[in-house]
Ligand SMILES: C[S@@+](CC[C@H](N)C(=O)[O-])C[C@H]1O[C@@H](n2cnc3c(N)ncnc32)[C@H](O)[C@@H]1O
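First comes one chain, alone, set out as structure tokens in the form predicted alone.
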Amino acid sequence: MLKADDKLTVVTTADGSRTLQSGAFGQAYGSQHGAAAEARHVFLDGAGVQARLASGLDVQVLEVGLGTGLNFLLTADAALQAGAALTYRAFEWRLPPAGMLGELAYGAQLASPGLWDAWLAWAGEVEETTPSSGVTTVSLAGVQLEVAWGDAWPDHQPSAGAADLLARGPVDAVYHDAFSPQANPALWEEAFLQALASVLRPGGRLATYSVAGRVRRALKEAGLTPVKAPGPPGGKAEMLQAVKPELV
């Protein structure tokens, strides 16, 4: 999640896809072992979204950290290719500059005509208006994107925009892709994870790259069943999937 004074640089990752390196947080937005590979393995596959879309089922996703838009773009592309409806909600402090997003060239990862151009055009509009609060709803190539701007969890409670987004109904999957618990602890604290768990449908799944013990314990306290799973090829050895039990 971009801070106002952050200095960003474009880096090429091991699978040839690009990501951004944050100077303020000292971390990359995507895995340097392969940003696109991580997005597909940890989030689309790990949260069960790819399989659901491939079956033609409608999907609602909530992402913590829209960032460069890679997770959104790959999920939207999968939905468009499958002819399935997707509602994608996300928390984001502030998008990186549109010109820098363009340098990431994520259009090469997409099969859906118009999606990349629509994303860049919208990012340019966002850069001009610089929203710092509230929720923006937009349709990009037929996919609904809803973004809550600003600090999602100030003073250990949701901002007005985050509360609005959380109240918009249940979701099938949560992508927790914020910077690490060490770099951005507020977005990993127990109350925030409980808020995420509360909007998951029974059978829904939260996926994240972090397998930290305190994250697993907090998700378990929130009523989810966290399980370590193999990480993406060439990347972290493990990732985390947390499932909300089905109603009995």
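The structure displayed is predicted, hence computed values, not measured ones. Each residue number is its position in the shown sequence, starting from 1.
Missing here is the form predicted in complex with the ligand; even so, the following discussion is about that form.
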**Contact of Thr208 with the ligand in the predicted complex (heavy atom, 4.5 Å)** = no
**Prompt:** Is Val174 close enough to the ligand in the predicted complex to count, meaning some heavy atom within 4.5 Å?
**Reply:** no
**Item:** the ligand contact in the predicted complex: Asp151, any heavy atom under 4.5 Å
**Value:** yes
**Prompt:** Quick one: is Gln194 in contact with the ligand in the predicted complex, heavy atoms, 4.5 Å cut-off?
**Reply:** no
**Asked** Val49, Leu66, Leu62, Val42: which sits within 4.5 Å of the ligand in the predicted complex by any heavy atom?
**Response** Leu66
**Item:** Location of the ligand contact in the predicted complex, chosen stretch of 197-205, 51-59, 213-221, 183-191 [non-hydrogen atom, 4.5 Å]
**Value:** 183-191
**Asked** If we check the ligand in the predicted complex, which of the residues in 66-104 reach within 4.5 angstroms of it by a non-hydrogen atom?
**Response** Leu66, Gly67, Thr68, Gly69, Leu70, Asn71, Phe91, Glu92, Trp93, Arg94
